[in-house]
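As structure tokens, one chain now follows by itself in the form predicted alone.
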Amino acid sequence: MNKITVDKSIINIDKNQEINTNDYNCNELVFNIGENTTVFFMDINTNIRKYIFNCGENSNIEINKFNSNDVSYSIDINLYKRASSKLVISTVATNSNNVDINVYHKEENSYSKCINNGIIKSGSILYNVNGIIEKNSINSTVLQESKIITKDVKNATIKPILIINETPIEANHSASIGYYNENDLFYLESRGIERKTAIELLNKGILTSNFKYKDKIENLI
């Protein structure tokens, strides 16, 4: 029997655990993470369009999200006092992929890191990455790292934005778009690795390096 797609699912979490979001069949997925709770989320090629993570005091979440099925989606993360989040996104594009990320630091001593990597085989990738330090969120940290590998830079866009409404805080971002360095490819070829295989190895390295369970996505790249 096929799963029935619902508009919105809301899940309350108050104990440490790992969650596979592929178990949910909905358009919008909301997680309310309780205080002092650690949760790991794995998401592989789902069709969910919107994710919301509300992270209570002293909570800690890590999200590993991989897509090669050309879906556009948004992720909102709300961080309260001493909450932390790590978001790792890897995308293989053969059509159009638009990703909107909003991380809201709502209270003091919160921490976030977003790592976004993409490979364009055809199609395009757009990463909108917003880190917002709200008033009274002193001593918070927001970090962003984004990279897209493509031969045609016209099809790749990274928009890293930091909105800072409080001090002291730590905030930085990096973004790069381009293709592999010819010296790196030449080095691998000089070791007897064919160029096509060398590119495949580099692609896998970029897309899996920050994933907790690398074997879950290696065959999808």
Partner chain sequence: MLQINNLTVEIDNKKILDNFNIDIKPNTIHVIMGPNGVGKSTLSKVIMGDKNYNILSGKIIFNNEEINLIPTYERARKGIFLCFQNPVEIEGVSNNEMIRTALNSKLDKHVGIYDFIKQIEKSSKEVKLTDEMLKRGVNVGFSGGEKKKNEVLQLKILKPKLIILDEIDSGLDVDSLKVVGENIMQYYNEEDNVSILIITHYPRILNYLKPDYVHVMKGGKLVKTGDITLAYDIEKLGYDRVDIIESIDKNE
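Positions refer to the first chain, counted from 1. Everything numeric in this text was worked out from a predicted model, so none of it was measured.
Keep in mind the form predicted together with its partner chain is missing from the figure; the text below concerns it.
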Interface membership of residue 194, its partner chain in the model of the complex, 4.5 Å heavy atom rule: yes
Touches its partner chain in the model of the complex: residue 167 (any heavy atom, 4.5 Å): no
Even though the partner isn't displayed, in the model of the complex is residue 188 close enough to its partner chain, meaning a heavy atom within 4.5 Å? yes
Please run the contact check for residue 202 against its partner chain in the model of the complex: heavy atoms, 4.5 angstroms, yes or no? yes
Only one of 177-185, 150-158, 63-71, 23-31 gets a heavy atom within 4.5 Å of its partner chain in the model of the complex; which is it? 177-185
